[in-house]
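Consider the single chain below, provided in structure tokens and representing the form predicted on its own.
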């Protein structure tokens, strides 16, 4: 079997054995739901409801403002308790709609599919349905999917890559989805192909999931428009640019996106969300996630309503095993550390990782020893130490010339650094400061 990959990268322990054999469970909707109005890249949504309003499941409660944005919907039926800032996994307080669940799960009367035959949607109807449903990238990026499905006409897309790599350690929600919803994902991929006018679909799967490779190869036997692409297990194999390079040998240009080389990359969770919306008319009000780690008593794969609190999911999973040392939204490489479990699941929540205190290395930071490890392993061929040094000295435009904005924040450089320098932390700082300078200059 010819297994594809990309240059450089790392091989952290995958830890997927903790949760991969647990079938997806439906988490019961909690008594209170907290739904932030900004859960995606782009402009926040504006509230469409008021305190004490009764809302129904699937009802739009936040209107998208701007091309790069996404509407927000109620994930339960009930009464709006308040609209106020609430802490979110981003670490910021975001204006949120807090709903008291009435337990009825009454669906809004407008929730119905546009067409009975899911294969009869036109490309424009798909884009409209996806936008109205508030679907964003569920692999963690949370980029509005309708925008990805609308590439510029001067950059025609010939290939769709279904991203089933799930290279982030610990997480297994995509693995379970691919096992449990195989036929639906194939149909969803076909719809994406027709929507962007592509002719070929590749399904990228890492070789630590041999059962999935065999399953999809058998399902798609004889299909010229589909090809299963076995990938070497390596981090960050699931990055868009890494997948395009590994599977097609195409280089996404600096500052560019996959459509610049004729490719649409879509996470399997996002693809399934598109299928579900077209099939049922229900917007994105729940998502799959993995709760896992040595610090949780019973790891699980769950389907959870948007707005469910982390603490409720922890309790449902048996509670903490010992003293939790770190709580992370996502995986250990690209996830966001939390200082409280009183935050809601958002569209970007692919996992909740709990590491016990004894698993957390408390490493002292040392000066850079110019060992070149970060350069040797960076999948984007950057010089992280140079970018960081420039950012630390507030030379943000100069750090941009060295590739500040090309960094995908995968954490590879920080992982291999023997001096324990938090390189990604400083790169994020540099990006944020550069954005502030741009906004200031535009005023």
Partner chain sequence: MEKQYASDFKISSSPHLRGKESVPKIMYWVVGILMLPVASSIYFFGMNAVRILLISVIVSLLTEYIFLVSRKKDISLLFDGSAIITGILLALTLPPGLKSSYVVIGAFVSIALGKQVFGGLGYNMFNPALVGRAFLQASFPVAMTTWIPPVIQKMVDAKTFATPLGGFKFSHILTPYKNLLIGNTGGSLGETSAILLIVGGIILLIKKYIDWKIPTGILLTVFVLEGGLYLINPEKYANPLFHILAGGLLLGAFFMATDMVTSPITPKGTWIYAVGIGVLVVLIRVFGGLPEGVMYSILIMNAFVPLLNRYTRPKILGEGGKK
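Numbering follows the first chain given and starts at 1. Please read these numbers as outputs of a predicted model, since none were measured by experiment.
Another form exists, predicted together with its partner chain; not displayed. Remarks below refer to it.
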task = Name the stretch, out of 70 to 78, 281 to 289, 319 to 327, 201 to 209, where some heavy atom lies within 4.5 Å of its partner chain in the model of the complex.
result = 319 to 327
key: Contact test in the model of the complex: residue 386 vs its partner chain, heavy atoms, 4.5 Å   = yes
inquiry  = Please tell me whether any heavy atom belonging to residue 428 falls inside 4.5 Å of a heavy atom of its partner chain, as the geometry stands in the model of the complex.
reply    = yes
ask   = Looking at the partner-bound form in the model of the complex, is residue 242 within 4.5 Å of its partner chain by any heavy atom?
value = yes
ask   = Closest heavy atom of residue 125 to its partner chain in the model of the complex, within 4.5 Å or not?
value = no
message = Which residue, 111, 336, 95, 215, is the contact with its partner chain in the model of the complex, using a 4.5 Å heavy atom cutoff?
response = 336
inquiry  = Please identify the residue among 151, 332, 269, 140 with any heavy atom within 4.5 Å of its partner chain in the model of the complex.
reply    = 332
query = Across 230 to 261, which residues bring a heavy atom to within 4.5 Å of its partner chain in the model of the complex?
reply = 241, 242, 245, 251, 252, 253, 254, 255, 256, 260
